[in-house]
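This document starts with one chain, in the form predicted alone, laid out as C-alpha cells.
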Amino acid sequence: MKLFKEFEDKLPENILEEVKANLPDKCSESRTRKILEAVYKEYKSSVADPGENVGLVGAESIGEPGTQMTLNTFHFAGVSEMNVTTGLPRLIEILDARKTIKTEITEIFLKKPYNEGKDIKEIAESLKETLFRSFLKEISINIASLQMTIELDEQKIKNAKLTPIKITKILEKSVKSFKFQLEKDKPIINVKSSSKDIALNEIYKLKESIKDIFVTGIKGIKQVLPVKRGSEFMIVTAGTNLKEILKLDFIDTCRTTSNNLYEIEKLFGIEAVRQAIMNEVMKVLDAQGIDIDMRHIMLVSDTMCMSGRLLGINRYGIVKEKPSVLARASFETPIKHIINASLRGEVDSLNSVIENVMLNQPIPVGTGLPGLVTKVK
C-alpha cells in the first residue's frame, strides 16, 4: 500500500503493522489516510520531549503504584517446596539484580506431542534431580567386621528406569576409597574399605555422605510440576539448570526460560537479560493488577544493562559505574567516593541533574537545557 510507505519514516514498524491488522474491511484510501494521520498525531504526543526528565518520571511511575503492592509468597498447592516469590520482594530482587534469589523457577515448554499431554508425568519426573537417598530401604553397619550393607528399594529403581548394577557403578565412581559389591539376584550392596586400617567413624561418615550422591535427572532441579496453560501442557520446576535442560530433544528451546537473570546473561548475553528484566517486572506487575507504561520499565532495564553486564540499582551496581564523582557521593558512603576521587585527581564536568542540584545551579533539563551557540536564520 502506497499510504503505508508514506508513513514508514514517521511511525515505528510495529505500530504500522498493528494498524494494518486492525483496519476495517474495504476501507477507502481517504479513510485510511485519516486513520494514519490520527495515529501519527497520537504517536507524536506520546514521544518524550528533548530535556524531559524521563528518569524522574519513570521512578515516580514505578514507585507510586509500588506502594500498593503486597508482600506475599504464592504457594503451589500439593507441592511443599514450590513457593513463588511475588509482589514487592520479587520486584526488589529483580531491580537489585540479586545473585541468589529466593525461588529459582524454570518454565519448560515442550514440543509436540508432549505439549498435548503425552507422557507428561514421566517427562517431569525424569527431569527431577534424584539423590541416592531416594532408592534406599536400609543401611546397616557391622561393627565387628567394619562392613556396611545397603538394601535398595527395587520398586523405586524400576520406576526410575535404572538397575541395581547401574546404581552400584554410580556409587563406585563417586566414592574412591571403598569397594561396592552387589549380591547375586538381591538388591543388596556390600561395602568394604579398600585399606585394612579403617576407623569406624569413617564408615559412619560414609553412611551419611552416600545419601547425597547424585544418581539421575538434572542437577539443580529440586521439584517438578506439570501444569496446563490454556490448551497446552508445560512443566514448572523449582531450581534451574537451563544449560542441561536445553540439551534435551523434547524441549521447545525457543520458549523455555528461567527467572535467574545471571543464568540468562551467562547463556544468552546482555540483550537477552534486558528482555528478561522487562518480562519479569511485567509478570510481577500484571499479577498485582498494576498498569505501568512499558517505556518506564524499558528505561530501567536499559540502565541496568548499559555497561555490557548486568548491574543492580544499588551502590555496588550502577551507582559505582557513574562517571560523575558527586553523583556517586550523593548515594550512600559519600566520604569514600570523595577521598578516592581526590586520590585519582578526578574531574566532575557537572553534566547531570544530581551534581547541579548539590551546587544550587540550574539543572540541564527543560528550560535549563544548554542552548545552541550557532544562530539559526
Partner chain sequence: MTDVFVNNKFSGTINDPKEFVERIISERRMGKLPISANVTYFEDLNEVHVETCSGRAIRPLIVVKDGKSTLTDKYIEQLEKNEITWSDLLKQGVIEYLDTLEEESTLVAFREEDLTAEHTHLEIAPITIFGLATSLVPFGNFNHGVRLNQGSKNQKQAIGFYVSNFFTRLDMDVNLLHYPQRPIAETIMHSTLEFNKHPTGQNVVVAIMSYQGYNMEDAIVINKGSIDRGLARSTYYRPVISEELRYSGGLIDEIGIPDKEVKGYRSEHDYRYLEEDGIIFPEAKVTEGDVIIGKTSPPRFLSSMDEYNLTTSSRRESSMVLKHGEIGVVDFVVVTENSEGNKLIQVRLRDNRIPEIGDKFTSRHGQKGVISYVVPEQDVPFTADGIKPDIIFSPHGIPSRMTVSHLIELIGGKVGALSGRYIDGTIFDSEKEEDLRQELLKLGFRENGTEVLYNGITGEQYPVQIFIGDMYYLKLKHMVANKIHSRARGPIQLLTRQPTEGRAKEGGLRLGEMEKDTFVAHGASLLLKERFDSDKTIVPVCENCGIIAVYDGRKERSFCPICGDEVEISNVEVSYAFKLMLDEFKSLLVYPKLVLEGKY
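Numbering follows the first chain given and starts at 1. Quantities reported herein were computed from a predicted structural model and do not represent experimental measurements.
One more form of this protein exists, namely the form predicted together with its partner chain; it is left out here, but the text below deals with it.
Novice: Can you tell me which of 309-317, 22-30, 337-345, 35-43 lies within 4.5 Å of its partner chain in the predicted complex, counting heavy atoms only?
Specialist: In short, 337-345.
Novice: Is there a non-hydrogen atom of residue 62 within 4.5 angstroms of a non-hydrogen atom of its partner chain in the predicted complex?
Specialist: Residue-level check for residue 62: no, no contact with its partner chain.
Novice: Taking its partner chain as it sits in the predicted complex, is residue 56 in contact with it (heavy atom to heavy atom, 4.5 Å or less)?
Specialist: The answer is yes: residue 56 has a heavy atom within 4.5 Å of its partner chain.
Novice: Residue 14: heavy atom within 4.5 Å of its partner chain in the predicted complex?
Specialist: Judged by the heavy-atom cut-off of 4.5 Å, residue 14 is well away from its partner chain in the predicted complex.
Novice: Within a 4.5 Å heavy atom cut-off, is residue 326 in contact with its partner chain in the predicted complex?
Specialist: Taking the distances in the predicted complex, the answer for residue 326 is yes, it comes within 4.5 Å of its partner chain.
Novice: Taking its partner chain as it sits in the predicted complex, which residues of 344-368 have a non-hydrogen atom within 4.5 Å of it? Please list them.
Specialist: Residues within 4.5 Å: 353, 354, 357, 358, 359, 360, 361, 362, 363, 365, 366, 367, 368.
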